[in-house]
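Only one chain comes next, encoded as structure tokens, the form predicted on its own.
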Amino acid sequence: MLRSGKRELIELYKTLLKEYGEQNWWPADEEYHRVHGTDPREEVVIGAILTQNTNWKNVEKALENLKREKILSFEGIRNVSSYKLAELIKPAGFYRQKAKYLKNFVTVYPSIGELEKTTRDELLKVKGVGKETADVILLYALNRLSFVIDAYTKRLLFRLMGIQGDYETLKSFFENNLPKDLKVYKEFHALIDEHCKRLCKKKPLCETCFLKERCRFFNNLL
């Protein structure tokens, strides 16, 4: 079990929020869904599956293709041919595999209403849904307190605080030390990703980082 880090985590959250501002994740095109009578939460789910092993810019291109064809919904995914779906989501990479994942998902969960009844354990039984994807769906689509761990989170925790662990260990670390607040969960995950994209990269820009004074990596404490 990891040591308590409540004060450190809260301070980190406040510092990142002050530096970068609210990220308002997970992005969805509210106007598109208003016009087409679809549920923006379904776009969150589709995006969560598409973003596996790629970056968000590529996902945006795939989502735009789905919007252009007016099929950015569970029903739209269900009704389009597998071949056409794969071609539309090609920018997101691994497109044939992801098309299968999307088709399977909307078969298991035909509507957002059906998805609302699910549990994390049930989500993890769906082919193509790993822990990170499941937690994105739970947090951002279903508004449940389920913290998302990704490669950026692992990187920042290790460099900044010297903390390592498997997915569930790190997830518990956040959930045990953060207030039970949806906004905090959503923003904190997004802010960590933003920081790692800008500064705490694979090859970190330590000299320009506003966290360097408290960073174990920068101060050669790892």
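Numbers follow the displayed sequence, beginning with 1. Keep in mind the model is a prediction, meaning the values are calculated, not measured.
Just so you know, the form predicted together with the DNA exists too; it's not on screen, but the next bit is about it.
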If the criterion is a non-hydrogen atom within 4.5 angstroms, does every one of T51, R96 and G130 touch the DNA in the predicted complex? yes
Can you tell me if K14 lies within 4.5 angstroms of the DNA in the predicted complex, counting non-hydrogen atoms only? no
With a cut-off of 4.5 Å between heavy atoms, is D193 one of the residues that contacts the DNA in the predicted complex? yes
Is there any non-hydrogen atom of P110 lying within 4.5 Å of the DNA in the predicted complex? no
Classify K202 as contacting or not contacting the DNA in the predicted complex by the rule of any non-hydrogen atom within 4.5 angstroms, answering yes or no. yes
Where, among 66-74, 34-42, 180-188, 193-201, do residues come within 4.5 Å of the DNA in the predicted complex by heavy atom distance? 193-201
Of K90, R144, K84, R78, which one comes within 4.5 Å of the DNA in the predicted complex, counting heavy atoms only? K90
Interface residues of 149-166 toward the DNA, as seen in the predicted complex [heavy atoms, 4.5 Å]: D150, A151, Y152, R155
